[in-house]
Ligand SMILES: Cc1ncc(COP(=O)(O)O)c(C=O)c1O
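The chain below stands alone, shown as structure tokens; this is the form predicted on its own.
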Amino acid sequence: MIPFSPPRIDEKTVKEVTEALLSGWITTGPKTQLFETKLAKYIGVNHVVCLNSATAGLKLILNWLGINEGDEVIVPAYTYCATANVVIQTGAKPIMVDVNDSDFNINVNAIKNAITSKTKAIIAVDIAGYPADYDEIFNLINKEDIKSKFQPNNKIQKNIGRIALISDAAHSIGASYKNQKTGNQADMSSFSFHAVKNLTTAEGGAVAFNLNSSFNEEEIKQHFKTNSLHGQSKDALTKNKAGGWKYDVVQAGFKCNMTDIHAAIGLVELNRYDETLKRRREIFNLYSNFFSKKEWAKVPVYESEFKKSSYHLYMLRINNCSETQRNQIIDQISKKQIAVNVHYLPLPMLTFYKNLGYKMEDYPNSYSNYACEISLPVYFNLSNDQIKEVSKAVEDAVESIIQ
């Protein structure tokens, strides 16, 4: 059996987690703080807040921006449901737009056509770890005719002075855009450290800040940390000190902090992340060397002049392939005990969003990309022989169904 994306857990991981368990401190504490510091240094930003998921990060960002009922947030139709779900939970409306047919990322012209006076934010998603077109999006939202439409509802939105750009960077830790790591492009970025991600903490996420100079990022970081702990003015580590019991609740916050147990895993993974990225790139190249020789294969874009992926998902597409045929191909591959996946069911195909009136035919690129896409196994311990086995299984399945 070749699994799709198992986490890398070894003795180093066990040792670090055991140390956290035996330290007597297992919730948010010194290891989480250390992970935040090292993560900020790795990304190249001043401040990072670690949380229990990238979804929580997006939720806290929208909450801080004051997004609420009557507002609109532009999202790609081709993404995981979390990107739009967090918008729904604020009371605002997700405005879905189509993606490129080349790299799965949000289409800038589609963004332009979707902007109204109600638009308060855009969430760009780095699908598969390949960065979105951030400069092009910024060029758009900084145009005078676009800025003239913007109607801020609060001081924060007024200080930003335009539509906010948020990066759903769940896939892209370690990717780069114009020689800067992701986390340095949008106003704020939210990363995921879920079990299937390149850099895992089992469950986890982080927000990186990249705001203009009118904002005090250190104060905003503290706001996010407070908001992740019910709005409580002191975290558990501070309260646990002698005489430190007294606290206040300054806002009706959430509960989405990262624990030291999760941070312990993250510290191990971050320390060896360059090695992880190197191996994932090798796997991508081996797949591409094989499939680029096949007329029926459309290999994913993961490196270009200005972008380098984090090599999170190898999203192969099959030319001239229907959704039904793609599903048959996956069935054939699965019979050989090889786990593959599909990323993602576009949002308008999901029952919840269908019931809200979103229609798949309004997003043709999203559907055509989805209908012929198969994500292949990529993980650190995947051997070259296994890569050959996967490649041959895909070849056999495609040529038995399509040709």
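Each residue number is its position in the shown sequence, starting from 1. As the structure is a prediction and not an experimental result, all values here were calculated from the model.
Another form exists, predicted in complex with the ligand; not displayed. Remarks below refer to it.
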Residues in which of 357 to 365, 54 to 62, 32 to 40, 373 to 381 have heavy atoms within 4.5 Å of the ligand in the model of the complex? 54 to 62
Is residue 171 near the ligand? Define near as a heavy atom within 4.5 Å, in the model of the complex. yes
If you check in the model of the complex, is residue 82 within 4.5 Å of the ligand, heavy atoms only? yes
Is residue 197 close to the ligand in the model of the complex, meaning a heavy atom pair under 4.5 Å apart or at it? yes
Should residue 192 be classed as touching the ligand in the model of the complex when contacts are defined as heavy atoms within 4.5 Å? yes
Contact residue in the model of the complex, chosen from 111, 121, 175, 125 - any heavy atom within 4.5 Å of the ligand: 125
Those residues of 343 to 358 with a non-hydrogen atom no more than 4.5 Å from the ligand in the model of the complex are 344
